[in-house]
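Quick setup: one chain, the form predicted alone, written in structure tokens, and binding and motion questions come after.
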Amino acid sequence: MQTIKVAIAGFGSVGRATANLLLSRRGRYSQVYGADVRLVAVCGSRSGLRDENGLEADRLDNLEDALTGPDFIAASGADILIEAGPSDFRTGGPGLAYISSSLSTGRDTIVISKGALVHSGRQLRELARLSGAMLKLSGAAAAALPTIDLVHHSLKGCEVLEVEGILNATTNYLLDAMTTRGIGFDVALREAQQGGFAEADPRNDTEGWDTACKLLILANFGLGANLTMDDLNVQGIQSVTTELIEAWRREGHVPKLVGSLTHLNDTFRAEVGIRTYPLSDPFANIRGKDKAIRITTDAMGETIAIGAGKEPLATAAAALKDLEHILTARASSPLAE
């Protein structure tokens, strides 16, 4: 049986959910993949914990100061890094240092935070190519909603012509509340914040930046584009008023914040903004915190997926889906025989 050592960098709610879910699935990894998967290191921004024999759940609340950083992860001897830290697409940090270090040394890497992938995606893809490391990122590309997997697996061999995505749960909840219950933006936002799923500073969501990040990741890592944030026209929902909502209602249309991508003659065009849909369109019926994606291809026509996982568990599960892809590849490698 192969021993596979895993480290997690970034130990907030998503990192902890990932650690606990991984530990609960160790029996599955052993039975299905013949792999003894051990969690050998975890770290946050200021503290961490390491044990080459594997950490158990009852030790994860006792992190030690100053055990953190890419060198700490490298010293753990981990075969796979799961990066789950905070996300800043304007700087790439803090995940960029962990991901770059991991890929440079040939360590398979699963990325959950979006910032580094948006900021330095081309460079990270090149590092992975040069070192031979696998780079997986389902958790960064709308988590429970399958996006990257659709184009890499389900639609393989087709040419993607167009993508539309309702990719941000917070903005979909706000627009749905404003549309179905007639409340204003500020009231809906306070409700979402009190419910614990809207950030105290919600601008990355409401101004469209989170949707833009996910769209760029899908375009660049899923479809081979080389877009940057400067290539996108990004508009959010903060200017949507009750008067606009009422006007759309009279027309029989429902507003959604949508990331859209078109691919024509080897050219990609992407944007984020409000689109309205008639009630007969599936996108008009994506409710609450649900997300959805519609992909149009040359040969398979139109494919729609809808996702509604509970966070942070859904994001953790998406990252561990990537782990199973890596375990499958390792199990079939000649080096595993």
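These figures come from a predicted structure and were not determined experimentally. Residue positions are given as counts along the sequence shown, with the first one as 1.
Keep in mind that the form predicted together with a small molecule is missing from the display, and what follows is about it.
Candidate stretches 228-236, 241-249, 196-204, 183-191 - the one whose heavy atoms come within 4.5 Å of the small molecule in the model of the complex: Of the options, only 196-204 has residues within 4.5 Å of the partner.
Residues Lys114, Thr170 and Asp210 all lining the small molecule in the model of the complex, heavy atom within 4.5 Å: Yes, all three are in contact.
Interface membership of Lys256, the small molecule in the model of the complex, 4.5 Å heavy atom rule: Output for Lys256 is no: heavy atoms all beyond 4.5 Å of the small molecule.
Contact of Lys136 with the small molecule in the model of the complex (heavy atom, 4.5 Å): No, no contact at 4.5 Å.
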